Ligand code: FUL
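Form predicted alone, single chain, as structure tokens, below.
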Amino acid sequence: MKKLFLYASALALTMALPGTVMAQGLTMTNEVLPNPENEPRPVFPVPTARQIAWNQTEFYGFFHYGMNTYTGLEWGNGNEAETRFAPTAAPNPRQWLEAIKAAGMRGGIAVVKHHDGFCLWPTATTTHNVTNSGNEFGRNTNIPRDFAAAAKDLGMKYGFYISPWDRNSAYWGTKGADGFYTSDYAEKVFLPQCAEIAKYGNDQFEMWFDGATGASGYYGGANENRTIDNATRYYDIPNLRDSIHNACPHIIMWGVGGEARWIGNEAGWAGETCWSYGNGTSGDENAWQWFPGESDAKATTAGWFWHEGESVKSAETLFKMYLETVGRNATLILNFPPDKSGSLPQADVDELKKLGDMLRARLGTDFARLEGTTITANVTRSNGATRTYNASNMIDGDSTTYWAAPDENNTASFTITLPEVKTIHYVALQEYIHLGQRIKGFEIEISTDGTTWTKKGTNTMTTVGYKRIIPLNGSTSNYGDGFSAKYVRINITDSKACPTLHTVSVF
């Protein structure tokens, strides 16, 4: 009776509303939500505000440093004596960040605990930490403290890698008498460690969780194989995510955290078609969750940690990685490992400077922003009360304004006219992803006279997303001599719904 009464009351309330239509005793209401700005309807899924801010970081550094730096291993077993961590000088996170800033990176992530469980800060969760190091430099080390302070001073974003897998902890992977995994590790070690790291700054942009699910390890002296069957459940990720977001509202929890995905390789490339949802190098156009890709890659020739005899890859090779990740709707986190002194080798610093010079020379001057440049579109959405959708929004340098087509147009064309003929190499496009990733196909044409047009670019010009950089010669390996052009025309050939773009650039 109670359910029937509530249902009848709801009907009665609906019947009392104005503007309703009666049909066989039921009240039907057509409600049209106001849209005074005439904004396009979103194409779902769409990103959260923190995911958009994370995407805007684009290019950032990775610093694998810790116990493995001194043992020569990549995955320590967890039984290493704490005294083996003995830096030959005071570790210098500021030097790490200064070097990558010179390369054009906007932030960095420091490894503060790897699979061996050794923590690079004084922690209450384990004795396997810097306070028991082998010398004064080690015992005074606090990487999250010093890294966060340096990043803030340099105006850079920062975050930390904390390995969920812990080969040192006796709690990791334990089961109770009932055969089910206990919550001891999550409650006593992992979640408290994450909470400690969150206290080093509420403006962190990413917390990095590796997806390793176990193998052999020390495990408090058990020296056995242990695995877990479900990382999200075992580490209590939903609770962790809510707790960390409360402490650090702008943070993205990568990997196991479920807010950004591994691009599917450690080689520094994403698929030319790359959706911001789904998995792997290309994503999935039909997936339901916004899940943008991050490409993690090594800038040196050995492992993730520093090793004797390694060398750094050339700036040209690293620039290619940039084009194939940032230029393909992914972010690039590029690893530079500090050596036993706790600083980056000079050869790495020198190559980072070369990379920065290369990025500034090749992608630093946007001809579409030159005085006298104009842009026109064949279709444009009607303006709203305070918002316009003019083509000029694509070259105004403001990512909050954008051009949009009318609802009925899934194709469009626009032309950039430069003040004079220029030698150009790249065209970059950026969708207004607040409303979803929409574009499915496009073409690029160039001309010197506005009459004779030549198609340029790659064979796979499909998705755009946050950012797409197209080499007009079709190659990410060869900068080439460029092409003479005064006019650049972009034809959007297919889109999930009316296309939107906030920026188009010509380099």
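Quantities reported herein were computed from a predicted structural model and do not represent experimental measurements. The numbering used is simple: start at 1 and walk along the sequence shown.
We do not show the form predicted together with ligand FUL, though everything after this point is about it.
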Report task. Decide yes or no: are 37, 387 and 431 jointly within 4.5 Å of ligand FUL in the model of the complex, with each residue judged by its heavy atoms? Result -> no
Query - Stretch in contact, per heavy atom within 4.5 angstroms of ligand FUL in the model of the complex, of 174-182, 133-141, 114-122, 312-320 - result: 114-122
Requested in this report: Using a 4.5 Å heavy atom cut-off, state whether residue 266 contacts ligand FUL in the model of the complex.
Outcome: yes
Query - Heavy atom of residue 210 within 4.5 Å of ligand FUL in the model of the complex - result: yes
Query raised in the report: Does the 4.5 Å heavy atom contact test between residue 60 and ligand FUL in the model of the complex come out positive?
Result: no
Query - residue 146: touches ligand FUL in the model of the complex, heavy atom cutoff 4.5 angstroms - result: no
Query - Listed residue that, although ligand FUL is not shown, lies within 4.5 Å of it in the model of the complex (heavy atoms), from 219, 161, 306, 190 - result: 161
Report summary line: If we test each of 272, 296, 351, 259 for a heavy atom within 4.5 Å of ligand FUL in the model of the complex, the one that passes is 296
